[in-house]
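As structure tokens, one chain now follows by itself in the form predicted alone.
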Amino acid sequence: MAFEKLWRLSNEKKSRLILAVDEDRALENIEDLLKEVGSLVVGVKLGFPAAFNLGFSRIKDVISDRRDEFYFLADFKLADIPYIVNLTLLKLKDIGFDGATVHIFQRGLEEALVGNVPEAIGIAAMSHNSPLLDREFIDSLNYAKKVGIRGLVVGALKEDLIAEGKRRGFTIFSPGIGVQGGKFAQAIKAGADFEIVGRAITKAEDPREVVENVVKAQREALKI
């Protein structure tokens, strides 16, 4: 089963919320933040801001300490020659990441997604205005299916693309909730499986309260 760990955590917590931690203040206090929201957040997305702020050694420690509590997603949106993408994925797996985002447009992923690498989540449509990716959406989905990618990133405001990706059997991860305009549970209602929320939580005075509001909206939408 694709994303087995993520779905197990989702069922246990009755949540579809993945927390994106990019803000300096949140990263500096990431252990406290994860402890505060751990009962409701199923995944943690870390990318370049985390790498620059924490370094990979501390990221590895954070993951090791809470490996069973969260699905850890490496968001570096890899887009390079197959050898480099594969090498990077292997390193991310060593650090402890469960999943990793990869761009689809550069192709070559049949060579890159080999060995013991994290579960690949293909970037199909960004949460901001990404017309080049959006125009190639169907071709990207066809290619993703061909190379065995089971998860897609599709921005929360692109509801027609979410629905199409879901119709084709992909697990849909939707960023763009909160600061970028997506309402809590908006992507879930459109067919997404998981919502990725960052600044609306990490810049809030009370992150736990926002997390509770997001999950409440998701539960109402899913009737769980």
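Remember, predicted model here, so these are calculated numbers, not experimental data. All residue numbers are counted from 1 along the displayed sequence.
Just so it is clear, the following notes concern the form predicted in complex with a small molecule, a form of the same protein that is not shown.
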query	finding
Sole residue of Ile123, Leu109, Ala120, Leu89 within 4.5 Å of the small molecule in the model of the complex, by heavy atom	Ile123
Among the candidates Asn29, Gln180, Asn53, Thr171, the residue which, in the model of the complex, approaches the small molecule to within 4.5 Å (heavy atoms)	Gln180
Non-hydrogen atom contact Lys166 with the small molecule in the model of the complex at 4.5 angstroms	no
Contact label in the model of the complex: Gly43 to the small molecule, heavy atom within 4.5 Å	no
Distance check, Lys93 to the small molecule in the model of the complex, heavy atom within 4.5 Å	no
Close approach of Ser140 to the small molecule in the model of the complex, 4.5 Å, heavy atom	no
Candidate stretches 55 to 63, 182 to 190, 33 to 41, 152 to 160, one within 4.5 Å of the small molecule in the model of the complex by heavy atom	152 to 160
